[in-house]
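To begin, one chain is listed below as structure tokens, in the form predicted alone.
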């Protein structure tokens, strides 16, 4: 039967992350693995009332097909939402997607030919890696520094890709509270990225699932606000409303968005009219910005709890560090080079604590000594206890390495 598969399907692999997450679902395990928003933050009563009203009283619109571009009231609400960040779009520059993951899939289908070079951070979002690899892109990793991509490295990588016969096509970035690292790009790095993209004729894809979840520090303008003609923006409601709605948006230059619409028509005809109307009404009737402010305070307390616990329980050994994100849902831990966090995960599960290994986020296979922690779903009490357990795991791992007994 394998002869029936298309070449791209034959090469496709299941997400290492998803397979590892199955191991974390054991009883009594405190998991910092899944990048899940806290379900207690979902405004379920309001969503239930809106859904019931739409189904009972507006079924001719909410239960029917809709346009591929999406419902105009929702797109109009999103245009106002984007304008808060200095992004100025017209109606035909915004389309509704089934969350930002579909946006990534549509970007890949619309712009990538097999062998095209796509530049991503080391590390970068795993869903983007999957979407681009599915369309047979040549993924090129660029080191991610504390303030954004190493732009000198990026310029060199673009030149090498051309020399090797790969057409440089796009640069994918998550500049605000990146998944998995939690890093936010500086304004200087954002401007530098655009200078390179303009000079080299590349598209920038700016994924902004966490941008509104800022707990501290000063906001930095989106990359797209600095050059709307070269940037496609991806947005999702998953982190600011409810992940199960599977609703998002793609915005950018009109001529590019028009072609994305054509690709979406062949993919799903349209995104759920019911879900779109529920989201539009929430934005118009219940003040999404006020809801997000509550989320920020909720998640800030959890971030602070994790940072304090790491200071308290993580061994004070050379080579151990972690990011201190100003927002989002994640922080990133780097351990001494000799530590393999995939191997260490067995020890962690024995101690009833789970994390995500770093390697899957690196397109070059590096990152073996890194791990991602998500602080959004656990309670503050679980964070305290879970980090205590993790500190013990790291301590034992380092002791085992020093005696040659690490498993």
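Positions refer to the first chain, counted from 1. Predicted model only: the values in this text are computed from it and were never measured.
One more form of this protein should be noted, the form predicted in complex with a small molecule, which is absent from this view; the next part is about it.
- Taken together, the three residues 182, 215 and 323 lack any non-hydrogen atom within 4.5 angstroms of the small molecule in the predicted bound form.
- Of the residues 174, 96, 120, 204, just one reaches the small molecule in the predicted bound form with a heavy atom at 4.5 Å or closer; this is 174.
- Here is the short version: of 299, 125, 89, 282, the single residue with a heavy atom within 4.5 Å of the small molecule in the predicted bound form is 125.
- Only one of 282-290, 239-247, 68-76, 163-171 places residue heavy atoms within 4.5 angstroms of the small molecule in the predicted bound form, namely 239-247.
- The small molecule is not shown here, but in the predicted bound form it comes within 4.5 Å of a heavy atom of residue 210.
- In the predicted bound form, residue 271 stays away from the small molecule, with no heavy atom inside 4.5 Å.
- Not displayed here, the small molecule is kept clear of residue 110 by more than 4.5 Å at the level of heavy atoms in the predicted bound form.
- For residue 101, a non-hydrogen atom is located within 4.5 Å of the small molecule in the predicted bound form, even though that partner is not displayed.
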